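Take a look at this one chain, the form predicted alone, written out in structure tokens.
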């Protein structure tokens, strides 16, 4: 079953495809240059309770804040 969930809900080792960025133009303008856009496959490397979500997208490691991760919708793979 392909569930669509916020990136913040994926656990380390899980992957997903970015479906939607639920933020305004400023939010998108921060994420697109980092390679986070609809259709991109991401994998969660680490997730901290009170800190960022560490992901890999296109061979690049990124740290995404918890609030931002909650606005990035992904389809679990």
Partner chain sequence: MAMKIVALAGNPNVGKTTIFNALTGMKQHVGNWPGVTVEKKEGIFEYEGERFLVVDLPGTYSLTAHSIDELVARNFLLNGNPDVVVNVVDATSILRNLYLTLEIFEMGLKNVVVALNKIDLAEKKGIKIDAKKMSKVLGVPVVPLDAKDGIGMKELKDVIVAVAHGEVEETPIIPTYEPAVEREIEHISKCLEGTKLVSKYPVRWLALKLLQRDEEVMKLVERHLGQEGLDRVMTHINEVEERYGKAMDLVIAGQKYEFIDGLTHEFMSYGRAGGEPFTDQLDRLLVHPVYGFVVMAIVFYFVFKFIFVFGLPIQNWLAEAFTDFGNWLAPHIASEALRGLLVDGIIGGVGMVLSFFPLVFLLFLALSFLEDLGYMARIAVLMEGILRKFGLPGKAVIPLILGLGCNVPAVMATRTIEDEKDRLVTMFVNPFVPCSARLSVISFLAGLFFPKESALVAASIYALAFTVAILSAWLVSHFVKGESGLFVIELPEYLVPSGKALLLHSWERSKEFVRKAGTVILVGALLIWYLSNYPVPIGTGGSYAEKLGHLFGPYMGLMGLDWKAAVSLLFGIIAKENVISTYGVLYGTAAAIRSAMTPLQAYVLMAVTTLYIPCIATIGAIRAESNWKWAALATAYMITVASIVGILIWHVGLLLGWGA
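Residue numbers count along the first chain shown, from 1. The shown structure was predicted, so the numbers you read here are calculated from the model rather than taken from an experiment.
The same protein has a further form, the form predicted in complex with the partner chain, not shown here; the description that follows concerns it.
Although the partner is absent here, residue 10 lies well away from the partner chain in the model of the complex, with no heavy atom inside 4.5 Å.
Contact annotation for residue 17: none of its heavy atoms lies within 4.5 Å of the partner chain in the model of the complex. Contacts with the partner chain in the model of the complex, taken as any heavy atom within 4.5 Å, map within 42 to 71 to 45, 46, 48, 52, 54, 58, 59, 60, 61, 62, 63, 64, 65, 68.
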